[in-house]
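Only one chain is included here, represented as structure tokens and corresponding to the form predicted on its own.
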Amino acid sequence: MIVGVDAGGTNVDAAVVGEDGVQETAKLPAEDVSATVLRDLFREISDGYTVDRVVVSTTRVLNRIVQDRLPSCSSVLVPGVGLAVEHAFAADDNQVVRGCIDHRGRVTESPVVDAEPRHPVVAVTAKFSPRNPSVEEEVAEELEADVVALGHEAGGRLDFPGRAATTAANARSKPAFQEFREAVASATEDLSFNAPVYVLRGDGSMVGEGKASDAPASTTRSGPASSSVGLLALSGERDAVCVDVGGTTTDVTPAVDGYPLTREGYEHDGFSTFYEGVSSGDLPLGGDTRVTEDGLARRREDYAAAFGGEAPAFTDALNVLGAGVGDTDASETAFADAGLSEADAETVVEEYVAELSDAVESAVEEAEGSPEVAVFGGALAGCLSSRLEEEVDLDVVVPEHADVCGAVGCAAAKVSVRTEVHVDSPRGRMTVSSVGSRSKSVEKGRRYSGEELHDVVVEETVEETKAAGGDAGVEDVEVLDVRRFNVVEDGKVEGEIADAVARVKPGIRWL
């Protein structure tokens, strides 16, 4: 059995999934996920099952981004020559270190660190470090820092400014993600789970928790990724708009040909990464959104009164109109105490549905009109589906277990990693970069045919996927790019430089 856990900003959901589909589900309120909450959740759903794998998604990093609660970061850069280093400044404290790695991974100038960073959270990025991480590692050893992220851990892309920004994002994300990882580890250890733990990334693929810890910013979009993957798996739809109504936000994600659409990069108020993630429109509205006399306040202050909060929220407005979610008496009391009426409840629900229908229509346009179905998830899906269907030209489906779609999505995701191979045959060296980087020897001076290089990157991608906990074969790998050029020294061809990129196709284990 696979246990999926979706740790949102309001609730933590879990599902036990096997060959026959969803076996057990659970939902616990938790604004800050702790080992105690996870332990209670695991104990509630896993009794009597042999657990083979635990897969988690978390909005902990995303929530701290939007709440401006991530720590400040010092970015230490080793740009070498040929670049205006200011283009790689990605933090409020940017320090330049002398040193250089050339495009072939050779250290042409040893690094010299002559100042300490201002912040205890540090990102160290050297140009061309995916081809030789030694300079970053040497610099990091000389710094006094509590948290360090290294540029080669971010991935194999050679876009130095983009990798510097992504490394800074990883450094800032590490403390929050590490807290979550430790909570999961404590909970699974206490319950004697002899099962590996994996983390869902923002593109809907999953990797081992160790690799995710090196690059925690890759989890930024894991919330909408898990819910959209789960809704596709539960409904069996291949072309759809996936809608997940949470406590804080509503995620709207288009899917085509059985998988959510993705886009490269994420940016929010100085936080920037080059990681691919699902293409999701996030409305700042959910079940716990505060309701005032002016309508929806577009913020979450507490749980809805129906679930123990004091002030009226969107869930309470639905209850005033007869939804029957949670403590309906508390909802009606909160509305009355705030001087709000049934007409006010109808107004805010109409306001929400209008914004949601606009977001759904935008998702249909992004998917070039393919979706004919909207798949609705979240605890409020059943209350809102008929209203949405009246506003959009789509059939609206609420599958069984839609209230824990994110947890199901964690269990349904395939392991998928992007792997970049760089060969410098005159030096007899190959560098393989996935979430981390490793080197191996190759025959000096060897020249590869296109087919041989294709096979090399496929084999390395399979190996990297297995290291991340996957079971992919060569048939599951797609090659994204292959480039080669000869190296001529003293008028003689000494070998070639070759680059290839591939990944295991992200996908879903259909339930």
Partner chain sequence: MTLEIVYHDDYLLHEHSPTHPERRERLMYTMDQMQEEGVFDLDMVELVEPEAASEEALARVHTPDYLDRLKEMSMRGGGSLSGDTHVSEHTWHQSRLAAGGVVRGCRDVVEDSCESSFVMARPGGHHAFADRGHGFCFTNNTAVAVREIQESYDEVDRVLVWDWDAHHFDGTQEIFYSDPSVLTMSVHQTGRTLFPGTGYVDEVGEDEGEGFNVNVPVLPKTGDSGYLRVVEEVFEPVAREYDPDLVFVEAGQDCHFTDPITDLGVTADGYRRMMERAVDLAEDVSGGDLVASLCGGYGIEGGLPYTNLAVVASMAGLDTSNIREPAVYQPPQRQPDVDDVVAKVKSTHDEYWNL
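Numbering follows the first chain given and starts at 1. Under this definition, the rigid core comprises the largest set of C-alpha atoms superposing within 1.5 Å between the forms. Quick caveat: nothing in here was measured; it's all calculated off a predicted structure.
Missing here is the form predicted in complex with the partner chain; even so, the following discussion is about that form.
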All three of Pro175, His422 and Arg503 touching the partner chain in the model of the complex at 4.5 Å, heavy atom to heavy atom?
no
Out of the stretches listed (160-168, 226-234, 291-299, 307-315), which one is close to the partner chain in the model of the complex, meaning heavy atoms within 4.5 Å?
160-168
How about Gly281: is it within 4.5 Å of the partner chain in the model of the complex, going by heavy atoms?
no
Considering non-hydrogen atoms and a 4.5 Å limit, does the partner chain approach Lys127 in the model of the complex?
yes
Evaluate Glu355 for contact with the partner chain in the model of the complex, applying a 4.5 angstroms cut-off between non-hydrogen atoms, and reply yes or no.
no
Arg181 within 4.5 Å of the partner chain in the model of the complex, heavy atoms
no
Proximity to the partner chain in the model of the complex, single hit among His268, Lys440, Arg118, His87 (heavy atom within 4.5 Å)
His87
Would you kindly say which of Pro133, Gly326, Gly80, Pro111 lies with a heavy atom within 4.5 Å of the partner chain in the model of the complex?
Gly80
Could you list the residues in 90-115 that come within 4.5 Å of the partner chain in the model of the complex, counting only heavy atoms and keeping sequence order?
Cys100, Asp102, His103, Arg104, Arg106, Thr108, Glu109
Rigid core superposition, Pro426 Cα moves 2 angstroms or more between this form and the one not shown
yes
Core-superposed comparison between this form and the one not shown, Arg483 Cα displacement 2 Å or beyond
yes
Fitting the rigid core first, would the Cα of Gly495 be found 2 Å or more away between this form and the one not shown?
yes
